[in-house]
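This document opens with one chain alone, in structure tokens, the form predicted on its own.
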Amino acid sequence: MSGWLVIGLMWAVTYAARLLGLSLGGLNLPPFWLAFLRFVPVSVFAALIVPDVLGSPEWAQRLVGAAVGGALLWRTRNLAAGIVGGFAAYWAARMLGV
């Protein structure tokens, strides 16, 4: 299978999924589904981050960085502060040999 065919198929699947999501914008969902969909980004983010943090040989430094970044993001609601603070805590923990 050629690379361009794979890219085209990936584009088609992504475009269809986004179009379906955008078409649901005018739909009135029951409260259960609204509450359910509120937690999807959090669960996807946790599924991406947790294995990378805990599956690494330097899991202690990464755990410090993730905890500080998550706390900053939670308290400030500022993504840039969470990312920069998390990286700063990770590098500080790494330099201190935690």
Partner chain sequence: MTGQRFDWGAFGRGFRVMVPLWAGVVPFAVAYAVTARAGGLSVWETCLMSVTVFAGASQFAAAGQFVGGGVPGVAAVALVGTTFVLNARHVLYGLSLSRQVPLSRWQRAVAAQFLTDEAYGMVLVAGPRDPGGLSVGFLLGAELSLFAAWNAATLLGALAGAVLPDPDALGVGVIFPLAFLGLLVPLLVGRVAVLVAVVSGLGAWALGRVLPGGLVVLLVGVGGALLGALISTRRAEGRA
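Note that the coordinates shown come from a computational prediction; the quantities given were computed from them, not determined experimentally. Positions refer to the first chain, counted from 1. Between two forms, the rigid core is the largest collection of C-alphas that superpose within 1.5 Å.
Another form, the form predicted together with the partner chain, is not on view; read the next lines as being about it.
Visitor: Residue-level question: is residue 60 within 4.5 Å of the partner chain in the predicted bound form, judged on heavy atoms?
Guide: The answer is no: residue 60 has no heavy atom within 4.5 Å of the partner chain.
Visitor: Report whether the minimum heavy atom distance between residue 3 and the partner chain in the predicted bound form is within 4.5 Å.
Guide: Result yes; residue 3 sits at the interface with the partner chain in the predicted bound form.
Visitor: Using a 4.5 Å heavy atom cut-off, state whether residue 92 contacts the partner chain in the predicted bound form.
Guide: Residue 92: no, not in contact with the partner chain in the predicted bound form.
Visitor: Would residue 98 count as touching the partner chain in the predicted bound form under a 4.5 Å heavy atom rule?
Guide: So residue 98 does not count as contacting the partner chain.
Visitor: Under the 4.5 Å heavy atom criterion, name the residues of 46-78 that approach the partner chain in the predicted bound form, in sequence order.
Guide: 46, 47, 48, 49, 50, 51, 52, 53, 54, 55, 62, 65, 66, 69, 70, 73, 74, 77 sit within 4.5 Å of the partner.
Visitor: At a 2 Å cut-off on C-alpha positions, does residue 14 qualify as shifted between this form and the one not shown after fitting the rigid core?
Guide: Passes the 2 Å threshold, so yes.
Visitor: Closer or farther: how do the Cα atoms of residue 52 and residue 18 compare in the predicted bound form relative to this form, given a change of at least 3 Å?
Guide: Residue 52 and residue 18 sit closer together in the predicted bound form.
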